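Next up is one chain by itself, shown in structure tokens, the form predicted alone.
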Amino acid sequence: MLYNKITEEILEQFRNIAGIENVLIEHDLLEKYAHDETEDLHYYPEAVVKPANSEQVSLLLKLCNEHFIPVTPRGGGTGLSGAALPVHGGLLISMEKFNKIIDIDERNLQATVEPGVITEVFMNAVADKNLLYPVDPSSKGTCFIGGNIAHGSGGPRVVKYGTIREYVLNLEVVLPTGEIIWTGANTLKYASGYNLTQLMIGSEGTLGIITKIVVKLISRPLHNILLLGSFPTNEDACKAVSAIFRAGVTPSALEFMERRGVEWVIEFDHLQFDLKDGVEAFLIIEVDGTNMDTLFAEAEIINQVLEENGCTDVLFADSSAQKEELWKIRRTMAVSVKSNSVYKEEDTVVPRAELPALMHGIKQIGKSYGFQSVCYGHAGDGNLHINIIKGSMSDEDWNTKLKSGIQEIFELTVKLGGTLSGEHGIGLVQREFMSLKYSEIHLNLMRGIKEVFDPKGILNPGKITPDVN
């Protein structure tokens, strides 16, 4: 689609709406907004505007809709699917000024926040009131809550507490045509027609720009126990995952880590960690709650299950410092892998009992195409992050054969009952694979929804659905 360029006249209107200091056009200032954490892709917008309120966002979208200028919304820039990349140039709207925690309602266990609030800042603010917002992706120290919602982001504690969909009650959204709506109600139940709130979650900024968020909070657990299980093979570790649930225990977190990923974290962060010979995989398992006797009983059940499934060693973290060290290994893994090699990351999810088959298949596909991989992720949800490592693979093979290998991984994932992404989204880089999971009927329904919200197709074009053949 051929969009119009931003003229000097339109730039002047941007400045009138948001202020001169909040409109960027210089190339060096645009660099920050030309990429996210998706590999090494760069797409420069023609201009960046940093609005401060919903009304300014509305005026910007009305103007761009009228003049047929593409608009890309952007949060913290930590995305891994390219959803915040302005592939058609145009205007990029940065939500960084929307950074207020408007209200923490302790009576109703709710909070109202703006989308530019950093996730960890919000988590700490509600923790100070002995409340919990359990959605905590690995990038929680830099990602925005609005971006989490736009991507359906998760994190380790989804396994017990549920996905972000269970915590978003209501959203203020500016539509591509400039109208401002609330999508639902600040209630725990909602049976009043189509649920537009849920439709916005995971829509990656293609249907509207979120400007206010009402989330549900829960009571903060008083205690937790953290275990680290060591396994001789990846498949052994993966088999233990579903066995824990079948034994009647629901951990608050259950994470898988491959040995090479741990080695790279140790090297990257200079950590002191006893990495024993013969250990190829790890599970980090946390249980939490209010009664320590109950937690110890659950930990004993987990310990027995691990031993029955080939675990060679179980470490009980005996201090807050040791717990933090183990979590740091997991949370640092992505950046450690990125610093070590050229790579591509895929975000697959399958029913958790299928994890051993997925893991085995990934390694076999890698052998046939000549690439290596480092896997880790939220095993309790069946969500595996696959980091495909270039290593010694030739540039030619990397550029020509790798796509076929990725397609085989996705085909295997779908065959096992899974789908293309558990929490990173589809964005730009996975859209070409959507037909592996979804029929043309599915895709046309998605395209139809997009057209209802965005008749001219100006908002975050080139994302989620593949082009019509």
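The first residue of the sequence shown is number 1, and the count goes up from there. Here the structure is a predicted model, which is why all the values come from computation and not from measurement.
The following text describes the form predicted together with a further copy of the same chain, which does not appear among the structures shown.
Heavy atom within 4.5 Å of a further copy of the same chain in the model of the complex - the one residue of 198, 339, 364, 399 that qualifies: Looking at the other structure, the residue within range turns out to be 198.
Heavy atom within 4.5 Å of a further copy of the same chain in the model of the complex - residue from 267, 166, 324, 300: Checked against the cut-off, the match is 166.
Residue stretch of 315 to 323, 72 to 80, 240 to 248, 391 to 399 approaching a further copy of the same chain in the model of the complex, non-hydrogen atom distance within 4.5 Å: Single hit among the candidates: 240 to 248.
Residue 192: touches a further copy of the same chain in the model of the complex, heavy atom cutoff 4.5 angstroms: Close contact exists here: in the model of the complex, residue 192 approaches a further copy of the same chain to within 4.5 Å, heavy atoms only.
Partner proximity in the model of the complex: residue 43 to a further copy of the same chain, non-hydrogen atom cutoff 4.5 Å: Although a further copy of the same chain is absent here, residue 43 would stay clear of it in the model of the complex, with no heavy atoms inside 4.5 Å.
4.5 Å heavy atom contact, residue 426 and a further copy of the same chain in the model of the complex: Taking the distances in the model of the complex, the answer for residue 426 is yes, it comes within 4.5 Å of a further copy of the same chain.
a further copy of the same chain contact at residue 271 in the model of the complex, heavy atom, 4.5 Å: No.
Partner contacts in the model of the complex for 159 to 192 (non-hydrogen atom within 4.5 angstroms of a further copy of the same chain): In sequence order, 162, 163, 165, 166, 175, 179, 181, 182, 183, 184, 185, 186, 187, 188, 189, 190, 191, 192 come within 4.5 Å of the partner.
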